[in-house]
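Just so you know, structure 1 and structure 2 below are the same protein chain in two forms, each on its own as structure tokens.
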Structure 1
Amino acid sequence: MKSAKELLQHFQKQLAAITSLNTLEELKIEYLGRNGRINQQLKNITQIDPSERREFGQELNTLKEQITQEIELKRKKLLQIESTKQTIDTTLPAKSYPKGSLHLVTYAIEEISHIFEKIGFIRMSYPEVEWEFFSFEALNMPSDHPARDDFETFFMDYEPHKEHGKMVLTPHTSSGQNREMRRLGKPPIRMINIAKTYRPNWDASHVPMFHQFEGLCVDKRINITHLKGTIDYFAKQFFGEERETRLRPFHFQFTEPSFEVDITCDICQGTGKVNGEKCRLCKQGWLELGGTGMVHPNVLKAGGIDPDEYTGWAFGFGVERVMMMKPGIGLNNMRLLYDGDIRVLEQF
């Protein structure tokens, strides 16, 4: 049997010659493994005089601890050596990663906001989940109005409010009109409200969730010429000088007089036909952007504003429709925006 001192000297000689982590692991097994040198010495302890066994066992335990420590120190040195060998060539070209982009609707919202900022409108944001009062009563819409039917509005399965009625997914950004009037308390008011809205419609020019932007202007001596001028300004800024808009008489509960705003279709260039067939999107050369009109006196009263002293106008346009009519987009089906097809978004 070799003494603990002799085993240590032999181990250290072997350790000094180690140059790789693999051979270091082999050396560790040779000395500290189940059938290693240390355990072999312990198995042969019966060959030693009983009076010397205790001291011999202590020496072997000390030897085992020292070998373990020296192996770990050697491992750290070898790892440092390996890390210095891994050099980086800074002259190599960097990896090319695909670039992402914002959604088309986001681009449109940013541009719309910037256009109205130039003429003094502030951008506000109001709830997507709204009460009936703000979506209907405050907008002069009676309880039996067709828009309040569950075929036209998404109602939430939630306990009704004592004053404000049932909870709905807001069907239009017009619900922000009353909230903005209450927030400011007194004109002048120049607000642009852009938000998600919800209606159970689904076709080439409608989706159940879409974005609207609401314009509201209330002050003294505001009239239709200011409304028409603002819409023309927006159309020229967003669509270009060559595009035409028109106001078509209509009826909305919350404006009087009321109009629908149409713009010449970018898909068919206002002709109503594409390759000799009826335009799939507009079908007649004009596409509706949204509704507008002078704010109804009852809506002003609901917002705490005297209709005898102040007048105002409002409009609500669909962001997706406005964006689809922008020159160069060429999108004839609104549903493509939300199908999740990356090939559509990669074009922009």
Structure 2
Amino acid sequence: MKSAKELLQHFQKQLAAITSLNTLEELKIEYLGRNGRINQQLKNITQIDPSERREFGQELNTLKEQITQEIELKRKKLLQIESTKQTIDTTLPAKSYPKGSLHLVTYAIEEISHIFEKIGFIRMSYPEVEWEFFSFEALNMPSDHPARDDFETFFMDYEPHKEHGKMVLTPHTSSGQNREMRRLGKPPIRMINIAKTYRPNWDASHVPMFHQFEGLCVDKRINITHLKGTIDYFAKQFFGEERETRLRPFHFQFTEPSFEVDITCDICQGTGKVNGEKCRLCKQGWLELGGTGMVHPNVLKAGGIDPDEYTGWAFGFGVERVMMMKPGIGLNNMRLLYDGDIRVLEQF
């Protein structure tokens, strides 16, 4: 029968020789297992003088604890060695998962819808092939308005409607205004219409089809401050909190007063200067965002709404335009979005 001390020395010798987790596990069983050396020793306790049994037991317990600790220590060391043994060239290419793309306009539409949804505007959809009435008359654009001629609007080869005139491709999303007024019957109206629009213009920087988003708000006591605040809200949400907006007088048939919205330039932070030079992107720190205004009383009337009781505002901005103005997009020619080159589209 070996003394505890001898047993420990023997164990430590064996332990020092171990280089793998498997043999360590074997050693552990050899000493600490059910039939291991420690338990074997314990079985011998009956052969010991009863007065020494207590001390014998304590010694064995201490030994067991020490062996347990040393094995754990050794295991950690071995694991450390094990994990450094394994090496990977982490710069090798990864397993590839499919990566598709969405059209830039899709992202813009989703973001715009979300921004307006938060303040209670519902997204709607209306005909894109429309009667002249909804595209023009209902928007206070008389028949001699230049926007109605062949150079500004696509017409369809189709028998005109008795009341609503010729069939056109919507040159703007504003044709949805009258449609929404008719659908609801009376205010309040909070509508956003994002749709395809068409103009006979196709060259290096123009496309015959593009997208607009139209906002319409009609209610009692709606005034210019609401238009201003809502557009400022949109601009800050879409472009960034640090951006400022301003309104400049403009002219549109379907709004009165009419405005053009400008937003501070992100390149020069609205200063108009980059490193002391004139900013090449903007005019004195401002970029044009689009057109807006208070809904013209004739437009309200055409929608069956009393302009003395209700007022409203509306805007129509270009989807591609605002998206291209978003910092970090880096695309500046709308045509690229519609030339159908996979190498362009797959980037988004």
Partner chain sequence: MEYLETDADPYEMQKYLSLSGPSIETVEKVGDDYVFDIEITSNRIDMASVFGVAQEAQAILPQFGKKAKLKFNPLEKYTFDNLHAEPVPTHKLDVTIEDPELCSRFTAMVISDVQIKPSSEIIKRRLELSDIRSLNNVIDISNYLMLSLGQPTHMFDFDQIKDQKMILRRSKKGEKMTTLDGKEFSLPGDDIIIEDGSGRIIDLCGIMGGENSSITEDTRNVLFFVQTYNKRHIRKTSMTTGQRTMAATYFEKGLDPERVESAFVYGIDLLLEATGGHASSELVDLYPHKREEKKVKVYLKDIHRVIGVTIDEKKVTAILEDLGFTVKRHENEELAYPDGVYFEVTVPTYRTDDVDIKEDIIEEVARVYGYYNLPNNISPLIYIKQPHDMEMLFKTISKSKHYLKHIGLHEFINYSMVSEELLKNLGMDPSKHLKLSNTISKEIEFMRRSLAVSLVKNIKDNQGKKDILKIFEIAKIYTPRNEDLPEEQYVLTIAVTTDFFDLKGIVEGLMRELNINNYTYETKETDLLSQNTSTAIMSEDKQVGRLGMLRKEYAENMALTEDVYIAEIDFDFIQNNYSITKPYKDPITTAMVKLDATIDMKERVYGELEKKAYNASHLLQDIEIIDRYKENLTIRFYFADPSKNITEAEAKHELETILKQI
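Source: prediction; values computed, not measured. Each form is matched to the other, and the largest set of C-alpha atoms that superpose within 1.5 Å is called the rigid core. Numbering for residues begins at 1 and runs along the sequence of structure 1.
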| query | Given structures 1 and 2, which represents the form predicted together with the partner chain? | reply | 2
| request: Align on the rigid core first; then say whether the Cα of Leu60 has moved by at least 2 Å between structures 1 and 2. | output: yes
| Ile71 C-alpha relocation of at least 2 Å between structures 1 and 2, rigid core basis | yes
| Can we say the CA of Leu281 moves by at least 2 Å between structures 1 and 2 when the core is superposed? | yes
| message | Relative to the superposed core, report the C-alpha shift of Ser96 between structures 1 and 2 in angstrom. | response | 4.1
| To one decimal place, what C-alpha displacement in Å is found for Asn22 between structures 1 and 2 with the rigid core superposed? | 51.4
